[in-house]
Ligand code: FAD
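Below you'll find only one chain, the form predicted on its own, shown as structure tokens.
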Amino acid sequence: MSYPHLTSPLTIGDLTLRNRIVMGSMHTGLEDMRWDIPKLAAYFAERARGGTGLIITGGYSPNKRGWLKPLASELSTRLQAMRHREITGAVHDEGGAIALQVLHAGRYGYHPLSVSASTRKSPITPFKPSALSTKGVDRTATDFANSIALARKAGYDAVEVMGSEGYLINQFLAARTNDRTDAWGGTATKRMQFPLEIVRRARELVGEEFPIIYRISLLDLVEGGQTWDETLDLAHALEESGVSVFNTGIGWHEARVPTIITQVPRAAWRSYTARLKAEVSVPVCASNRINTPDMAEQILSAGEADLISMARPLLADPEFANKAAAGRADEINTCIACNQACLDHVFKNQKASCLVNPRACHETTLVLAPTRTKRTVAVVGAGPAGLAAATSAAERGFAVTLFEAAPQIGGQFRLAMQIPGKEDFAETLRYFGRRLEVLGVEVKLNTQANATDLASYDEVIVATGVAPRVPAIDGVERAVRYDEVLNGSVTPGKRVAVIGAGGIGVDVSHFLSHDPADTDEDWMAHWGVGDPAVHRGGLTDPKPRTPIREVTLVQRKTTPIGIGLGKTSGWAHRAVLKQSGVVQVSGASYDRIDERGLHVTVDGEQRLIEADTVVLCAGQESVRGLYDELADAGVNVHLIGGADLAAELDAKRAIDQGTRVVAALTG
């Protein structure tokens, strides 16, 4: 498929972009320390080399009180700006363009120096902010402008002013967080003076042609957020003040509505971008959950946006733009919006990466160097770990044979993609399947490899995965395993008890209770997303879900169910269980299973959970017999994935391990 709109150039001020693909801003953790600048430069350069039209950095604060965390990224001095020339130079050397995002965290700052429009504390940080004085607001607007001017000196082609996601500018705009009575608050008109002054002062310093992008919040999705009329008034005033492009933001970080994770429908927010585009004369950029060139082209061709922002998709595949332009979209490694290695890492103060591309942010250290000799590698098992190992080995130039006992590749990922909201996991298997073809890997499906078959290979990588653990419970033979439910070989009854409340138990409970007739519009209704022209902040009462089964989720642990799920997405998965009426039981011991259901003891009291079907999600056990046999025979063998560690299924660890074991092979 060709993408004429997506691949067409666009001129903004004195900058001409080679296409409409924008790598949206995302903090990686490489921005904060000057010694990471070479790594950050290599990370951006690889995306520029991959054809991205415009790259936007993670957020840099205009002053210390705007830090995201102690000693976080900042651009406020000439010395800092000169260090950035290594980044901008690396991008320009690859023919790309790059913008710096200026972001003041406000009350989202994870440090005791945080400031905001008021002293109202954020629910997602432990620190209560100080309220900026009237002069303090004025100084902060000047600091923003100075940071923008420094970005131009550093060689950046544009800047983005972060005015959404609940950061400081958004805090000034919303009555929720701005209760001021001075010139910077009290009415919607006064609340918008802060971003207007930032843009006006910046424009005075950088001239008329230097592009200033403004990230505008279209839906705050919080109580006391902005109305649609307020958003449009702001947009029109910002245009007059000199904004060159509007990039769109959806939701505050504290919102009760998920906006970018896997369960959010693709391009869920495009209609709001289209509404803004119809009202303004400058280009508008669509964002959030757009992860394929087909969807991007569709939005552009419909006239709903002029640019498409994709942050995590460019983490997943730095060659996204080049592949789309060359008619190789089937080779794109699609972002599955899992957050596990990107945002979850950042919010845990770790360096970001990507579940499906562990080289992201590790371009200088995780290198797949070409092999000097034509050695043979056998990979046994075509789950995520084995697929990563096989394709990585082929990329290095090894002669690779992949053995898989099942009739299809995928392993546990093939089960995961059956979960409502995780359908994009199928894209990863599509990518790996196509990659095996392109690289010429010999794939042997329906083949149970044995030690004799493998003895002749120079290296053997065993990725034989896991088997569901069957706990020792009286009557367990009456239960069914989670894989039997997800692969469709067993159809559960109307009342189901699920044993085990880890990630799989939560997913299976969602699968069992979900109504497959639900549409994308139903998803919006279930989360209470409304029209911001009618409902302030775009928030309304959620529509109850209608579960198709009665599900009870049971665990031995006494901790809250789902507490170990991803930091930035687990809360939403737990919310779906609650919305679906899933009964949650913790601290249970399993007594027996009989024709009436599951008998448990909780707090010393025996209980019966009536169930037509009992589903086992009680963990996994490594399948590693082949590895042990090969190791005993002295074969050069490596163990990866679930076969190595069967704790909670972890595709992030499996793909990373499969890639790294191959990078370390001699050759």
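Just count from 1 along the sequence shown to find any residue number. Computed from a predicted structure; not experimentally measured.
Not on display, but discussed next: the form predicted together with the named molecule.
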property	result
All of 466, 642 and 654 within 4.5 Å of the named molecule in the model of the complex, heavy atom check	yes
Listed residue (133, 271, 301, 448) with a non-hydrogen atom within 4.5 angstroms of the named molecule in the model of the complex	448
Answer option from 267, 486, 137, 250, heavy atom within 4.5 Å of the named molecule in the model of the complex	486
Which of 174-182, 148-156, 420-428, 518-526 sits within 4.5 Å of the named molecule in the model of the complex, heavy atom basis	420-428
The named molecule contact in the model of the complex: residue 377, any heavy atom under 4.5 Å	no
Residue 405, heavy atom within 4.5 angstroms of the named molecule in the model of the complex	yes
Close approach of residue 482 to the named molecule in the model of the complex, 4.5 Å, heavy atom	yes
Any non-hydrogen atom of residue 340 within 4.5 angstroms of the named molecule in the model of the complex	yes
Stretch 356-394: residues contacting the named molecule in the model of the complex, 4.5 Å heavy atom cut-off	380, 381, 382, 383, 384, 385, 386
